[in-house]
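This document opens with one chain alone, in structure tokens, the form predicted alone.
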Amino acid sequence: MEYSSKLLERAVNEMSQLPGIGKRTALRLVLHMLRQPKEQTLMLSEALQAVRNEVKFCKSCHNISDQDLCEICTTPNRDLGVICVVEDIKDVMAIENTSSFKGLYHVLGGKISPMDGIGPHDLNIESLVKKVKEGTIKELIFALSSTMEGDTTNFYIYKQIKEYEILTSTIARGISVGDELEYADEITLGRSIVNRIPFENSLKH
């Protein structure tokens, strides 16, 4: 693709680094921003810089937050004894949109994947096990994607905490095997949370 401006080319190249954005889409977005008032483009730039430089991760659940503890962890009417274990921050948003879960979350930051060089120590597993050892948690809900990596991660965590008096469950397999959690529709995801099953039962399949 030929560009009449090196500045335009640079902007398109940077924009096309975003997931799902090809060069043609990036060009449309950049040209759109050029047609907007300069103040609007500056607001976008400032918002992106602020989220990159100032966003925090909750010290308790590792969710994105503006404060040391996120809004979910500090909400008074949450069930502090039930923790939903998810891979990513997007999964927290997906489950919250169902309005079916009133406990807390624990964001692992990924899943165990030897092929990608991701092991247990690369994830937020140690802090989860520590919470269980403290004895304040009565149930862990495994809500990882139903993939081989997700199941491996579930089983690894289960082995770490199985000696403690705690109920472990997994979301019902209304989520298709191999599907990513964030792409599930809200009704299916909500039913999977409500109709969760004991984790030991999932090992029999």
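Predicted model only: the values in this text are computed from it and were never measured. When you see a residue number, it is the position in the sequence shown, counting from 1.
Below, we refer to the form predicted together with a further copy of the same chain, which is not included among the displayed structures.
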Of 136-144, 149-157, 163-171, 39-47, which is the one stretch near a further copy of the same chain in the predicted complex, taking non-hydrogen atoms within 4.5 angstroms as near?
-> 39-47
Answer yes if any heavy atom of residue 129 is within 4.5 Å of a heavy atom of a further copy of the same chain in the predicted complex; otherwise answer no.
-> no
Would you please decide whether residue 82 lies within 4.5 angstroms of a further copy of the same chain in the predicted complex, comparing each non-hydrogen atom pair?
-> no
4.5 Å heavy atom contact, residue 93 to a further copy of the same chain in the predicted complex | yes
Interface membership of residue 63, a further copy of the same chain in the predicted complex, 4.5 Å heavy atom rule = yes
Contact check, 21-42 vs a further copy of the same chain in the predicted complex, heavy atom within 4.5 Å, ordered by sequence, gives 21, 24, 27, 28, 29, 30, 31, 32, 33, 34, 36, 37, 38, 40, 41, 42
